[in-house]
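Only one chain is given next, in structure tokens, and it is the form predicted on its own.
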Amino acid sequence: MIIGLDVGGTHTDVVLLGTEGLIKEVKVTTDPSNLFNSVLSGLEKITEGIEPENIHRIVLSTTLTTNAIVQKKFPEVGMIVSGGPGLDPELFRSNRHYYPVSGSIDHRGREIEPVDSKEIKKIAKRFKKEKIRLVGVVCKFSVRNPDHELKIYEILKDSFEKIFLGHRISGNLNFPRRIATTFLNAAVYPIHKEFYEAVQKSLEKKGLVLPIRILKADGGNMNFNSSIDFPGQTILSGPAASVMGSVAFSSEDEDTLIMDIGGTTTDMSILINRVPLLDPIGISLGSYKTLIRSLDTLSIGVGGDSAVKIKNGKLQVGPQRLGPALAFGGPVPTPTDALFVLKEMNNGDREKSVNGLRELAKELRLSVEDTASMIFEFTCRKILSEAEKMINRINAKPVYTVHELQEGYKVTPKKILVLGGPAPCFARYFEKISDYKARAVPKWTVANAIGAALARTTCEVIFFADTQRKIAIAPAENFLINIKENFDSSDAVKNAFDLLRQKALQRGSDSDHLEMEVLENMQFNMVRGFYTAGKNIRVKVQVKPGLINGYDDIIVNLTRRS
């Protein structure tokens, strides 16, 4: 059996899956001030009466790290950044305790200026005086030669709780984004570690001593133990869960628009022939532009519990959520209340919804029922309008899926899959007011948790080789070997696949079902005078994102029982 857990802005959903389909589902209220309790409460309830030895896999999706960044609720972090010739690292300042330092390595990994150990020790003293426990170290070309980052680490390692090195966080060459990515990993480390330890202790009390996985922004998952060194990978795992919860139910031969309508937000994405779109560079969160791989999603402040009001004579829905719907004891009218008035929902107090919409109806000079229709149509049209903007934005640049660049491709979805509590109501109305064919996914109320449960373990490796210098390196994997002059791209791919297999197994992949592929394979001749002096090779490989092997029976049974 498999447990999947997804923390949403309104509810935390937990499911227990077996080959027969959905065995058990639990929904607990998410407490934004105590997300740990929300997660642990859900796990307690889903495992009640279940023999621990029957559970073989647990996958969590959490908003903890995302919320910490958005709300800027993280500790002070010390950053040491070495740039060398070119743009001043000060231009990419990530936070207050940020120190550009001397020392540099060029684009081929050759040392230009050594590390100044006295300078580093002086900065370390300042950090300690400020009671900083977490440090990030980024050198501009550390992905070609991590020597300077490692030397700085040796100077700092006994003085701080955790040190994050840029070359381990990402193997990509984008210096500004690597700085932001390293900073965010350090910043969210304490809250992620606390979450990790709380979950482990809770499961141990239940007798569940087994590897736990956590969903990443790219729709794959990683071993919970590994996530301690890469906590930034869990940012935006919520929208990824909704995508993975839709994959098996989307069309195999056309584009599909995914709408996950929660209480607070609506998360949107596109599938091309069941394959998610990818943001090829990395997550942008507020002012932070990162190298964290992510599915291409959009989140808007419109959901079932969005506050509805009249402003300057015009209807307004969201972006604030002030509580649940009036029908469930909330303080203000919401689109969910409109559904109660229209008798599309009946599991709450309809009379409270009717009374709550009366004041709005007076202002609009409409009946309560017409006001409810107006609110729901306004909400649906707003969501569809934002979806069209997202499609136009995607089509304005090259389209990437998690597998490849779709050269010249234009996204043209004709179908919508809807997730979330009110999914059937929204699906019917989307069809009514648009040209889309729309339907709710099976088990739409807990589809995100199902998506998290069934997601495959993923990772990538970036591998460089320089035949003139006779070295091959994958700094993020702590790998460096000497090579011969006849080393070529096929040798690089073989080495990269070997490293990828090792990394994937460490992160929890199934060794019998490991689908690996090449994302990039580039080879350039280096010319000196009139002669080729060597080759510069870059290879990027990944484990294909997707659903775990053997999920077919689960999906078939979910579809039959929905």
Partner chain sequence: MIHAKYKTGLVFFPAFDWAISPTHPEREERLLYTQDQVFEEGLFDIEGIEEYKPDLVTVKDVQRVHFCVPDVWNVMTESHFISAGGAKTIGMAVLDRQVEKGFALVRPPGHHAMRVVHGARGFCNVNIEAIMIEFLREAYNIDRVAIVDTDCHHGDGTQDIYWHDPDTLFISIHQDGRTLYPGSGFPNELGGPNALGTTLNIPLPPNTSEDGFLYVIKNVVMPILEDFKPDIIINSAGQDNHFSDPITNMNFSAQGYAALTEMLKPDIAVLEGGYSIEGALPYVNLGIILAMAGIDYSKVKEPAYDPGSIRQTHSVTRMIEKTGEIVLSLWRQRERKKNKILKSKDFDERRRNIFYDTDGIHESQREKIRLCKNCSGAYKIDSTSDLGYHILAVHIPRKGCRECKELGYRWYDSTNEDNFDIAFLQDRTEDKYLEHDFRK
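Residue numbers count along the first chain shown, from 1. Take the two forms, superpose them, and find the largest set of C-alpha atoms that agree within 1.5 Å; that set is the rigid core. Because the structure is a prediction, the values reported are computed rather than measured.
Same protein, other form: the form predicted together with the partner chain, not shown, and the subject of what follows.
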Partner-free chain; cross-checking the partner chain in the model of the complex, the single residue of 34, 29, 525, 506 with a heavy atom within 4.5 Å is 525
With the partner omitted here, the residue among 480, 87, 228, 210 that in the model of the complex has a heavy atom within 4.5 Å of the partner chain is 87
In contact with the partner chain in the model of the complex (heavy atoms, 4.5 Å), from 88-96, 450-458, 250-258, 189-197, is stretch 88-96
Can you check whether residue 538 is within 4.5 Å of the partner chain in the model of the complex, heavy atom basis?
yes
Is residue 376 near the partner chain? Define near as a heavy atom within 4.5 Å, in the model of the complex.
no
So, residue 402 and the partner chain: in the model of the complex, are they within 4.5 Å at any heavy atom pair?
yes
If we define contact as a non-hydrogen atom of the residue within 4.5 angstroms of the partner, is residue 436 a contact of the partner chain in the model of the complex?
no
Contact at 144, 175 and 395 by the partner chain in the model of the complex, all three, heavy atom at most 4.5 Å:
yes
Taking the partner chain in the model of the complex and a 4.5 Å non-hydrogen atom cutoff, the residues of 123-140 making contact are 139, 140
Does residue 400 count as moved between this form and the one not shown, where moved means a C-alpha shift of 2 angstroms or more after fitting the rigid core?
yes
After the core is overlaid between this form and the one not shown, has the C-alpha of residue 391 moved by 2 angstroms or more?
yes
Relative to the shown structure, Cα residue 519 and Cα residue 411 in the model of the complex (3 Å or more change) are closer
At a change of 3 Å or more, would you call the C-alpha separation of residue 6 and residue 400 in the model of the complex closer or farther than in the form supplied?
farther
